[in-house]
Every structure is written in structure tokens, then in C-alpha cells.
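Here's a solo chain for you in C-alpha cells, the form predicted alone.
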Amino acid sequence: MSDGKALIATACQLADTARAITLGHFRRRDLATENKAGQGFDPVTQADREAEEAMRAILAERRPADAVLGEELGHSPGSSGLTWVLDPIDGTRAFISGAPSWGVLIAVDSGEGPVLGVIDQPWTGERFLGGFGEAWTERCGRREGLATRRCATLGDAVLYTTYPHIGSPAELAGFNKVRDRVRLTRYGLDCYAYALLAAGHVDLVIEAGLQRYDIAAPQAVIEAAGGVVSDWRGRPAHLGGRVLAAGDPACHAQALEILSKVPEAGTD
């Protein structure tokens, strides 16, 4: 894509803007929180909305022909064939709890999947970017290359997922079969687990019930760093649902062999 550098520059501007806004609200005891869910708890804060509004304003000025899909403000059509996929705070539960595992997710989708992704963690000052031949992490002005690590055997893998009780009973059972094979399983971290996978510290992330804005940016970053991201059948994962991310293709294949046996929703 000829304007890859321009897209990277815009993505970094969006991340800078969202970082300043979200940090202004983080760990404030007077932070107002609303529940978006009819049942259960799906929080949203003023920080979520302000950050997405600010990113959309930049895109309206710099990329007016591009479409935008955001968690809080929905879909705005475009004519260029590109869609910016925004999650202003991935991990709002962590955000309102004062835990620094949340992040800002920014992706560019070509229509066939994400070609650029940014995972930005404002509190630690870390940024992870992948796309257009680039894969790097930056903190305090120091930039280093991103590369997943080799882990050819499932028994040597470090596995993350956000929730201990992942998805449906069938999905949980499938996840547990992988969990029982790996060296170490940890829970939480939201999008930060995907960043750690891209940086070579984690080998697998397995999730279910994701939305498009949850996975587009992590997928682009991980793939640029040499990893593999698919659904539990080995198909494209960028639209959400069940996701299997791995740093090593061999480890991905072994986990996929287990997860592919989990019935699809609505089937026996």
C-alpha cells in the first residue's frame, strides 16, 4: 500500500491523542462509569468516549475518505476501501480498577483483514506497532524490533486468556484441554497479553466472544512480529469470535488440533 508511512504516522497521532486523554482519567476516584449491558456488567467511561471522539476528529481531518468502526460510536462509512478499527480503552474493567493492563487499540483494515495495528499502553508508556514491513515497540523514546519467540512444543508454552471461565461450556472445555498441556497458564491483561506475545514473552493467547475492535490491532501487530492469528478452525479471525494467537506456527498447529474439535455454536 503506497501510503503506508502516512497511515503509520496517522495511527501514531491517534495513539498520542488517546494516551493523553485516557491518562487524564486513569486512577481518578471520581471517574463516572456506566453499564452498557442489559444484563451483567459492560462498563464504559467518559475516557472511552472522549478518546474515541478525539481520534475520529483527527481521522475526519486527515483521512476523510476512510471508514471508521469504533467500539463506542459505531460505524461511519467511507469510500477509500480502508476502515480504521478503534477501541479507545480495551480493558475498561481494568481501567476502572486502577490496573495498568488496559490499552488503546488502533487498526487499519483493507477489507480483507488488518494491515496495520497499534497496541498502546499509556500508563507504562509502551507502544507496539506492526504493519507495512514494520514491527517495533517503543518506550521512553527508545525503539526496538518486535519478534515472537520460537516455541515448537505445546508443553513449553506460556498461555494467556482474559477470563478463567472462557466462553460457553464447550469453549471452556476446549480451552482447558490446551491449558492442561502447556507449561504455564495465566489470566487477565486484556490486550496487553497480545503485546507480550508479539514481544516474545508469551506463546499463546486463546479467547472467545471477541468483537472486531478487540482483535484487529493485536492481529496486525502479532503477524508483523512473525506470529499466527486465526479462529479455532484455522480461518481468518479479524472479525472476532474465537481467537487463537501464537508466536510459533508449530505451537499454533498443536493448539489448533485441540480447539478445532470444539463444536461450533448451535451444533452438537
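The numbering used is simple: start at 1 and walk along the sequence shown. Remember, it's a predicted structure, so these values are computed and weren't measured experimentally.
Unshown form predicted together with another copy of the chain; subsequent notes refer to it.
Comparing 25 to 33, 210 to 218, 237 to 245, 58 to 66 against another copy of the chain in the predicted complex, the single stretch with non-hydrogen atoms within 4.5 angstroms of it is 25 to 33. Just one of S79, S110, T124, S168 comes within 4.5 Å of another copy of the chain in the predicted complex, counting any heavy atom, and that one is T124.
With the partner omitted here, the residue from V118, L154, L86, L189 that has a non-hydrogen atom within 4.5 angstroms of another copy of the chain in the predicted complex is L189. Another copy of the chain in the predicted complex is not approached by K177, whose heavy atoms all lie more than 4.5 angstroms from it. In the predicted complex, another copy of the chain lies farther than 4.5 Å from every heavy atom of R143. In the predicted complex, another copy of the chain sits beyond 4.5 Å of every heavy atom of L73. Contact check for A47: no non-hydrogen atom falls within 4.5 Å of another copy of the chain in the predicted complex.
Residues are counted as partner-facing when one of their heavy atoms sits within 4.5 Å of another copy of the chain in the predicted complex; in 130 to 165 these are R139, A147, T148, R149, V158, Y160, T162, Y163, P164, H165, in sequence order.
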